[in-house]
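Presented as structure tokens, the chain that follows is alone, the form predicted on its own.
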Amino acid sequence: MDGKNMACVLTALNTLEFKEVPMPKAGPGEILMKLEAVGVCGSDVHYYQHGRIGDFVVDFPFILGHECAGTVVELGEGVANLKVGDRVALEPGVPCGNCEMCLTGHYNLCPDVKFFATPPYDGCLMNYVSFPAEYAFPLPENVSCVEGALVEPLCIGINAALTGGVQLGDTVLIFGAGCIGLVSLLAAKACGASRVIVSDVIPLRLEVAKKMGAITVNSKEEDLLKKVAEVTGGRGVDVVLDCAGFSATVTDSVRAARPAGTIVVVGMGEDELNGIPLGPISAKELIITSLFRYKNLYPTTIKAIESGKIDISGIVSKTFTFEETPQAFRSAADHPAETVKNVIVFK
């Protein structure tokens, strides 16, 4: 450690500046981690451009970033499951551990969760962070830190597939071929789906989905429901994973699903779906069905990458150095049609 901790700080809308921040210490039960890779999430870009997501409002200055992996450089008192030099992926939300949701196994719904880069809590776009060791998961030798940073979005895809009950032989329809749509595609195939139809309007994203084995539909140019009927012989799909979350996609989800099929609303493209508030549906995991983030999935997700069952590398659009973080955000914000996932790599 060189004693310096530089952070890339959001100081105003569309403005990132580098500032030195205090060097954190590893308290009891914590690790000090040197950042190696951070993924640029769509929520990060939204805060960068708009300063808020729903009720979460940025109070400048603010540090973005929550998809991360790095190297343990210091152990706090009582940490026995890790050692200095371990490479780890951080699960970015730390629940209180004491509320009803935590105690009944739904810690992802904890109302007092401290989640990286979700106001009022700063994110991880800095050289060093301290973090509870309980939520730091070791990376196997054959899993890179870039892949480790992508464990977080992949957890959402796996949760989507598991929530939808995807199983061997299923036909799955996914709305949206952004990062979450693509990781949901990977997860659905890993769960045994025989056919996965992916709908989007951005050619680059559809091209990536096709390379990953999807049947792709550009819904601007082709009748999606007609394609679903063609692929399924008029039966409909077993599971719909709506990673877009617009009124139109939820409407088409209902029309595309087979009788007794399952629809999982994953994305939140709109605050309301034809007048129904979408935020509470997601945040409460109401059985419509929906999901909010994930729980107890980091070990499973890391093993899926380690074993080769899931190849996450294909979602990376571009890599940037930490010093190029402002360019990484500008690229994602200004060229969404050319971006699936930008990743920041620390030297």
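Remember, it's a predicted structure, so these values are computed and weren't measured experimentally. In this text, residue numbers run from 1 along the sequence as written.
There is another form of the same protein, the form predicted in complex with a small molecule; it is not shown, and what comes next is about it.
Checking L186, C110, V146, I156 against the small molecule in the predicted complex, a heavy atom within 4.5 Å turns up for just one residue: I156. This chain is drawn without the small molecule; in the predicted complex, the residue among P138, P132, G165, G269 with a heavy atom within 4.5 Å of it is G269. Among heavy atoms of D122, none comes within 4.5 Å of the small molecule in the predicted complex.
Using a 4.5 Å cutoff between non-hydrogen atoms, C179 counts as a contact of the small molecule in the predicted complex. The small molecule in the predicted complex comes within 4.5 Å of no heavy atom belonging to V73. The small molecule is not drawn, but in the predicted complex it has a heavy atom within 4.5 Å of F175. Picking from 86 to 94, 187 to 195, 228 to 236, 245 to 253 the stretch near the small molecule in the predicted complex, with a 4.5 Å limit on heavy atoms, gives 245 to 253.
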